[in-house]
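Next up: just one chain, as structure tokens, the form predicted on its own.
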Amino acid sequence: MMETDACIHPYPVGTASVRRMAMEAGALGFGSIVVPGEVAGVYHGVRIIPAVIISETDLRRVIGQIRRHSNSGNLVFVDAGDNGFNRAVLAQKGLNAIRCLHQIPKKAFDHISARLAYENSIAVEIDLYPLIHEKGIFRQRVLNRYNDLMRLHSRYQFPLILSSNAFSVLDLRSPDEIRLLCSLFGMEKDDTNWALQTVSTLISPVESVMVAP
């Protein structure tokens, strides 16, 4: 299975084209990248996996969007919210991953949410962007939050994905650098290796891929 950066943001959100980001990701050692709003394809030997990020806070609208996008050929990601919101979305078929857990209180993703993620094979994103760019107290809070997540993961074994959430080629990190970053919050090397490959299990093995020149 391919190692994948589970979310990057090329132009116009970021500063570099998807082709440029793909070329750099390939040089760093990735076989694929997840790109919200992009179409499926292959650039410079790197597979582009399209995704939809749902950032709504209204639960009904979120559930409606999950259902609308579940058969669209995109991975479906939802930004986490409060405890009740997370439990509800983690029960939905068609959701592939929940993200931004470092931005919510610890109790908003608890053992019940962890069990739902495991039972429904919904991945939990580890966003590495704040570990790369933030300093001081905020960075330490993110490390503590991820340490809490790893305790839940050790018990419930829900899938994990790893994202640089890069907005430029300078934000990208190699798989080896990601392994070192993950060791800061107690993630074992084997778990990191699996997490780098989780996206391959989320996408359909028979999905056709458009090869771009």
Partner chain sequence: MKPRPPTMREKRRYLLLRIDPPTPDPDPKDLYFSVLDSVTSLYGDAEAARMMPVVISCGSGYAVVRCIRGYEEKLRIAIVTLTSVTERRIALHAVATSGTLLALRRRVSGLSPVRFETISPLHFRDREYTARRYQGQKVDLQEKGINRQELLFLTQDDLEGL
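Keep in mind that this is a model prediction, so the values were computed, not measured. Numbering follows the first chain given and starts at 1.
There is also a form predicted in complex with its partner chain; it is not shown, and the following applies to it.
Think of it this way: in the predicted bound form, its partner chain has a heavy atom of just one of 169, 40, 51, 150 within 4.5 Å, and the residue is 169. Site annotation in the predicted bound form: the residue of 160, 62, 187, 28 reaching within 4.5 Å of its partner chain with a heavy atom is 28.
Contact check for residue 17: a non-hydrogen atom falls within 4.5 Å of its partner chain in the predicted bound form. In the predicted bound form, its partner chain stays beyond 4.5 Å of every heavy atom belonging to residue 111. Although the partner is absent here, residue 177 is a contact residue: one of its heavy atoms lies within 4.5 angstroms of its partner chain in the predicted bound form.
Proximity of residue 106 to its partner chain in the predicted bound form: non-hydrogen atoms within 4.5 Å are absent; the residue sits far from the partner.
With its partner chain omitted here, the record of contacts in the predicted bound form names 133 to 141 of 112 to 120, 133 to 141, 92 to 100, 79 to 87, defined by a heavy atom within 4.5 Å.
Along 20 to 48, these residues reach a heavy atom to within 4.5 Å of its partner chain in the predicted bound form: 20, 23, 24, 28, 44.
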